[in-house]
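Quick setup: one chain, the form predicted on its own, written in structure tokens, and binding and motion questions come after.
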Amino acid sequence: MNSKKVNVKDLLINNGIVILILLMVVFVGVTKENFFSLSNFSNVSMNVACRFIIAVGVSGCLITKGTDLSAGRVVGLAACLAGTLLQRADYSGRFELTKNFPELNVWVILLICVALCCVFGLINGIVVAYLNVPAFIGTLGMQMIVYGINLVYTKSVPLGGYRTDYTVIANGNFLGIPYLFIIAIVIGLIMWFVYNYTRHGKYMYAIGGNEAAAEVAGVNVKKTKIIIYVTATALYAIAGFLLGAKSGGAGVNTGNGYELEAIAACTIGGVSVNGGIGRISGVIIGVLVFELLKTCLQFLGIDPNYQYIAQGIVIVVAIALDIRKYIAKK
């Protein structure tokens, strides 16, 4: 009987953030009009979609005891690349460098964005796997490099005037369900299959559980890590491409700080920063909970400056609870 009480206590503590935010959702829903409305649901689902894709990319890095602090800047670079190549021919403020480029198919542009961003993922993977640079340091350096490249490329010029065939990808819908949400679900299902039913997925969890043991067992640790970081940047590129379409514009600060939101969402959803643990379903829950927190704060009329403080507290508490669970298991 006593052990059951302890288990309930642990359950409440370990899931404290989720419980508190759900209680906040109920409170805001009861006290504020339009919170439980179709329009708000649509807005939340579209915001969750892009962030979920980013968080899935980060989750693979976390599962192998790594991280990726370059995520937000890669998202921004992809959004700007897509933006410069998908402006209308008659747009007066068209980007100078691509003004004379031929009008390419929107999906070809997506592939270009993914291919270019994957180069940075490949470098991240090589730096982490072969040079043994801690992922925190290596990806922090890449964050600065990508931001610098974006500044040089765009000259800090805001982008807009996008083609309709680009913006409709994010803002259109099928039977009332936003395309953006459908794309996120498809990506989530693909990555769920990869994590649970492929050799790569098994290797990933083995490395996170015990890297030395995985190597002894025949796992190609270096190759697996490189694939993880390349896959992550491919997902960031897709998210950046969609984010630009959703916003109808982009700039050098697009995606700024998204990597911290992604890490927090993953941790809230049960992806351990200590490696070896994490599910796609948990990532969905974590992203949704974090987005609901921001939405609740907006509906409550909290000053945006204080909203950053609240989000920062959630990130710290989420990591602290994750470490607590890890220590308890040991």
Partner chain sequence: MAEYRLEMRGVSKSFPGVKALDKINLKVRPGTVHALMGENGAGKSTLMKCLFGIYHMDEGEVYLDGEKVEIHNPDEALHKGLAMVHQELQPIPERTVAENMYAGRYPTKKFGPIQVIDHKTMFEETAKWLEDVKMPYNPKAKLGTMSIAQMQSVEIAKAVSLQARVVILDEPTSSLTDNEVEALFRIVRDLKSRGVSLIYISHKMAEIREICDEITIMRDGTYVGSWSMDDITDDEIVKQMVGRELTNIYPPKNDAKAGEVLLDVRGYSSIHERSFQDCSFQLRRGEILGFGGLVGAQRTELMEAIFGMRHISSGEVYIKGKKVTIHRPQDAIRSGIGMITEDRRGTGILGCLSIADNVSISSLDQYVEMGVKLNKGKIEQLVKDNVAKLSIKTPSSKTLIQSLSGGNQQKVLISRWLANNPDILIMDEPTRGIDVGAKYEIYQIMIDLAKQGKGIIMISSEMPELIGMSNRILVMCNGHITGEVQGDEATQERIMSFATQF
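Just so you know, these numbers come straight off a predicted model, no measurement behind them. Numbering follows the first chain given and starts at 1.
Just so you know, the form predicted together with the partner chain exists too; it's not on screen, but the next bit is about it.
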item	value
Residue contact check: V216 to the partner chain in the model of the complex, 4.5 Å heavy atom	yes
Contact test in the model of the complex: V28 vs the partner chain, heavy atoms, 4.5 Å	no
Non-hydrogen atom contact K202 with the partner chain in the model of the complex at 4.5 angstroms	yes
N220: touches the partner chain in the model of the complex, heavy atom cutoff 4.5 angstroms	yes
Candidate site N253, L293 and Y308: all three near the partner chain in the model of the complex by heavy atom within 4.5 Å	no
Residue (of S156, N132, T198, T164) lying close to the partner chain in the model of the complex, criterion heavy atoms within 4.5 Å	T198
Position in contact with the partner chain when the complex is considered in the model of the complex, options P178, G209, G141, G160, heavy atoms within 4.5 Å	G209
Residue stretch of 81 to 89, 102 to 110, 188 to 196, 236 to 244 approaching the partner chain in the model of the complex, non-hydrogen atom distance within 4.5 Å	188 to 196
Residues within 4.5 Å of the partner chain in the model of the complex, restricted to 270 to 308 and counted by heavy atom	G275, G276, I277
